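Quick heads-up: it's one chain on its own, the form predicted on its own, in structure tokens.
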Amino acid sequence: MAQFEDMLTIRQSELDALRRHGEETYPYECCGVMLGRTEGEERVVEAVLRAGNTRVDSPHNRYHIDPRELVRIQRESRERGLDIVGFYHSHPDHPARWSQTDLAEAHWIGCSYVITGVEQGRAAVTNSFLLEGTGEEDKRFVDEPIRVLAAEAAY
């Protein structure tokens, strides 16, 4: 009997784009949104959209997406027939692991949260974490495998 597990599927070109975003914003955190669809336990990314990091107090280790920009992205996703399946950000000179702040500020249960460690301006490890739970009181991140498809692969 096959066992299904949570997974993020992304084309190499989209993964490269979000990693490059982290390099371009170094030494500050980048952030963005992943659009796609959910198929069973799998989130399939079809587009990666950059967002501005509006955090002014500590952009080197925190990020914030302006709610107006998020509404615009939600509208665009609906127009394209896609859903928000996840978010991404970078950790300049820190590991690609979630922090307590990342967990506290994550609210989209069932979405993937992708973190790229950017070491001295170069993207290093990229990891994904699924936000599980039923609400704020029991939400948690779990490690999620990333399946990378060839850049030109169709879903």
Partner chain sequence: MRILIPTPLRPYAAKQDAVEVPAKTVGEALSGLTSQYSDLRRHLYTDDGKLRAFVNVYLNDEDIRYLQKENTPVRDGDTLSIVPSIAGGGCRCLGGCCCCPR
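Numbering follows the first chain given and starts at 1. These numbers were taken from a predicted model, which means no experiment stands behind them.
Keep in mind the form predicted together with its partner chain is missing from the figure; the text below concerns it.
- Contact with its partner chain in the predicted complex, defined as a heavy atom within 4.5 Å, is made by all three of Glu29, Asn61 and Ser99.
- Taking a 4.5 Å heavy atom cutoff to its partner chain in the predicted complex, the contact residue among Ile65, Ala47, Ala124, Val44 is Ile65.
- Remark: Glu105 counts among the residues lining its partner chain in the predicted complex, judged by a heavy atom distance of 4.5 Å or less.
- Although the partner is absent from this view, Arg80 stays clear of its partner chain in the predicted complex, with no non-hydrogen atom inside 4.5 angstroms.
- In the predicted complex, its partner chain lies farther than 4.5 Å from every heavy atom of Gln12.
- Its partner chain is not shown here, but in the predicted complex it comes within 4.5 Å of a heavy atom of Pro95.
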